[in-house]
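Shown here is one chain on its own, the form predicted on its own, set out as structure tokens.
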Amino acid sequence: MNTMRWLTEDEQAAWRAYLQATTLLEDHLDRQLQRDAGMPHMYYALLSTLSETPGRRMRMTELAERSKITRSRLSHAVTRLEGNGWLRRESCPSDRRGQIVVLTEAGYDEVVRTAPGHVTAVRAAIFDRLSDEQTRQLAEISRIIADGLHGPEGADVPWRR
């Protein structure tokens, strides 16, 4: 009486292709950013996220949640990025225990300097290989997956804005 729904052959092939593609893509983007900016993709994503927020600042807890990384991993990343002069921490005025991370002018300049190479790498790895219809399908499929994993509060995901 096994009620387990195993993956079909087609689902297994799709799953393995997805895993291979995402692993290779993350490695490709990490190598590009290490070469061009001396930072991993995750660090660039943090800087980029802050560059798009009002005042280029965000509470550490919100940045950790949005980035889907642990607070300790974020704290380590922020310490490294502070060392480069790209971020700084401030005390949260409404919560003594909270901290706000702020993108400095030098950090913003680094995002602006690094973005063209990053966009070129993303375009070459993904969008130059897809038709317009495939790009729309990729967006739709990705939203469906993300919304399902986000749960009921999925309406408040950044790409829905």
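What you see is a predicted model; the values in this text were computed from it and never measured. Residue numbers here begin at 1 and follow the sequence given.
Same protein, other form: the form predicted in complex with another copy of the chain, not shown, and the subject of what follows.
Note to self: When another copy of the chain is placed as it is in the predicted complex, are A37, V102 and Y108 each within 4.5 Å of it, taking any non-hydrogen atom of the residue?
What the structure shows: Result no, not one residue of the spot touches another copy of the chain.
Check: Is E62 a contact residue for another copy of the chain in the predicted complex, using a 4.5 Å heavy atom cut-off?
Finding: Taking the distances in the predicted complex, the answer for E62 is no, it never comes within 4.5 Å of another copy of the chain.
Next item on the list: Report yes if any heavy atom of V119 sits within 4.5 Å of a heavy atom of another copy of the chain in the predicted complex; otherwise report no.
Entry: Although another copy of the chain is absent here, V119 would touch it in the predicted complex, with heavy atoms inside 4.5 Å.
Next item on the list: Look up in the predicted complex whether S67 has a non-hydrogen atom within 4.5 angstroms of another copy of the chain, and give yes or no.
Entry: Looking in the predicted complex, residue contacts with another copy of the chain include S67, since a heavy atom lies within 4.5 Å.
Notebook entry, point to check: Does another copy of the chain come within 4.5 Å of any heavy atom of H28 in the predicted complex?
Noted result: Although another copy of the chain is absent here, H28 would touch it in the predicted complex, with heavy atoms inside 4.5 Å.
Notebook entry, point to check: Can you name the residues of 18-53 that have a heavy atom within 4.5 Å of another copy of the chain in the predicted complex?
Noted result: Residues within 4.5 Å: Y18, L19, Q20, A21, T22, T23, L24, L25, E26, D27, H28, L29, R31, H41, M42.
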